[in-house]
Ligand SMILES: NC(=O)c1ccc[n+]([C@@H]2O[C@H](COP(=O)([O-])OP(=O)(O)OC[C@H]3O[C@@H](n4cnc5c(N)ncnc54)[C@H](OP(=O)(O)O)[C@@H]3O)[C@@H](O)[C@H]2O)c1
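First, one chain by itself in structure tokens, the form predicted alone.
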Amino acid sequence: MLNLDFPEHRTSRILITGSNGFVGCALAKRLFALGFENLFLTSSSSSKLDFGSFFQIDFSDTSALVAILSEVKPECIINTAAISSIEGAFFQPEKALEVNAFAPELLARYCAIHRVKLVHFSTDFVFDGTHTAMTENHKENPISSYGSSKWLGDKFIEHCCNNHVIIRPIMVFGEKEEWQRHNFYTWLVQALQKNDSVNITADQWRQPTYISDLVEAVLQLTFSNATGLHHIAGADYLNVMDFARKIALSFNEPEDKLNAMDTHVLGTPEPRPLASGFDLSKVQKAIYYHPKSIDKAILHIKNGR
């Protein structure tokens, strides 16, 4: 991985939305460590980081968002704010549209007018889970309220703002902060350490993305001339049960704690794609992106990065 510190951009005014979330926080911490001086952070919950200028905001509050943009005058916006779960979007469909579609549209219009770059996080759930090795030209077909709201946000951005990067990762994992909700890795590690028996879907296939690899790729895309849609994922395409086995093995936990089951047994309100895998050719031509294998990523986490 390249050791990039982007010295020519360190004084830029960077607005990171969703800074208490898993991805937003990781990006903010990395930029702060690189010496970025003008970080502006937003979240719907109170500030969790001890750096940057923070604004607590309901992302569906259009007037509040406009006021923040007017005050901050960002030179770059990294939008990680989202209603980011199947359940959350299903039970609050109007809120999901406001946060996942209409707020990104507002950001895109601002960026177009003020000639600001917008970096926006989408999701692999805009696809229906019937294909793998998908390129950026693959036709979207969301099968959930969450996927539909994120897809609409993508379309608004593409229509409103030329200077954008839309990033679609798959199953982002890695160590988290105490206040953040679990990702698959941290949830499974905690369950195994409690000696719990865990149900794992055996009919889902994913290309998990290590958070550290994702952050470095996003910063390269942000501070380069790259624009447009980019698929970002890990090096390994594997069954979720096999991913769980690798995690269990790394902690010397017996595999018999993992109970295989089919997705439909979980009784989720809307379906999840059964398969998500990306062709990484475009992003690897645009930047230096060579993601770690699952085994190396887990070792990286355990060694404290």
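The model shown is predicted, which means the values in this text are computed figures rather than measured ones. In this text, residue numbers run from 1 along the sequence as written.
The form predicted together with the named molecule is left out here; the points below concern that form.
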Review point. Ok, 148, 201, 222, 84: which has a heavy atom sitting within 4.5 Å of the named molecule in the predicted complex?
Key: 84
Exercise for review: Tell me, out of 176, 95, 131, 138, which residue has a non-hydrogen atom within 4.5 angstroms of the named molecule in the predicted complex.
Suggested key: 95
Check your understanding: Can any non-hydrogen atom of residue 291 be found within 4.5 angstroms of the named molecule in the predicted complex?
Key -> no
Check your understanding: Counting only non-hydrogen atoms and a 4.5 angstroms cut-off, does residue 242 reach the named molecule in the predicted complex?
Key -> no
Review point. Is residue 213 close to the named molecule in the predicted complex, meaning a heavy atom pair under 4.5 Å apart or at it?
Key: no
Check your understanding: Do residue 78 and the named molecule come within 4.5 Å of each other in the predicted complex, heavy atoms counted?
Key -> no
Point to revise | Stretch in contact, per heavy atom within 4.5 angstroms of the named molecule in the predicted complex, of 28 to 36, 234 to 242, 43 to 51, 253 to 261 | key: 43 to 51
**Study point:** Neighbours of the named molecule in the predicted complex among 21 to 38 [non-hydrogen atom within 4.5 angstroms]
**Key:** 21, 22, 23, 24
